[in-house]
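Here you get one chain, nothing else, as structure tokens; it is the form predicted alone.
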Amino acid sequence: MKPVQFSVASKLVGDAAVIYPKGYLNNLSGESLVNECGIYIGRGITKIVVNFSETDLINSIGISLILQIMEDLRNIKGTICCTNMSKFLHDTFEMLGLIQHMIVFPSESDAIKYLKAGTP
């Protein structure tokens, strides 16, 4: 099976950025994810939703790049929500202790509702 070339799409929903990584999240691709989030953070967006519906695999460097995004948001008292995570991805994040620093929702719409309710 040929790996899917990594790409990142995004959109603004209210005052939250929704990021869509697609493919294998590794060192070669992760910078584009960090850059995409950085664009929104630079515009003053403090709420980011990462929809992992099209990302099943992540390596250790990909994890470190997710940590960088989390740190960037923490520095501005921002919030990161992750949605549509595969069991493997969720278990990996949980094992590494990342789950306690993000808010996980089964769907993007659940995360948007949470953020619109004014909860941090």
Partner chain sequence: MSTELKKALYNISALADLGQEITSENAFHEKIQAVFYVITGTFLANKGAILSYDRSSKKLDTLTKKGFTSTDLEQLAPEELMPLSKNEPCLIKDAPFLAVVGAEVLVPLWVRDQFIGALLLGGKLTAGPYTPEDLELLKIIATQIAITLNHHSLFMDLSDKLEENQRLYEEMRRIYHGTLQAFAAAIDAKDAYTQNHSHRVAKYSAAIARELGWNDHDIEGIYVAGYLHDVGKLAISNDLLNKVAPFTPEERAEIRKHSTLSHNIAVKINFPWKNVEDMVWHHHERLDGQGYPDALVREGISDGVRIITLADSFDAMTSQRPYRKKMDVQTALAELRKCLDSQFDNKIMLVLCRVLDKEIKGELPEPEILPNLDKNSDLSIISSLLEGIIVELSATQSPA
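The structure presented is a predicted model; accordingly, all values stated were derived computationally and were not measured. Residue numbers count along the first chain shown, from 1.
The following text describes the form predicted in complex with the partner chain, which does not appear among the structures shown.
S.K.: Any of the heavy atoms of H101 lying within 4.5 Å of the partner chain in the model of the complex?
M.R.: The answer is yes: H101 has a heavy atom within 4.5 Å of the partner chain.
S.K.: Though only this chain appears here, would L12 touch the partner chain in the model of the complex if you measure heavy atom gaps against 4.5 Å?
M.R.: Answer no; every heavy atom of L12 is more than 4.5 Å from the partner chain in the model of the complex.
S.K.: Is there a heavy atom of S53 no more than 4.5 Å from a heavy atom of the partner chain in the model of the complex?
M.R.: S53: no, not in contact with the partner chain in the model of the complex.
S.K.: When the contact criterion is heavy atoms within 4.5 Å, does S86 count as touching the partner chain in the model of the complex?
M.R.: Contact check for S86: no, nothing within 4.5 Å of the partner chain in the model of the complex.
S.K.: Each of T79, C81 and A117 having a non-hydrogen atom within 4.5 Å of the partner chain in the model of the complex: is that the case here?
M.R.: The answer is no: none of the three residues contacts the partner (heavy atom, 4.5 Å cut-off).
S.K.: Select from 64 to 90 the residues with a non-hydrogen atom within 4.5 Å of the partner chain in the model of the complex and write them out in sequence order.
M.R.: If the 4.5 Å heavy-atom criterion is applied to the partner chain in the model of the complex, 64 to 90 yields S64, L65, L67, Q68, M70, E71, R74.
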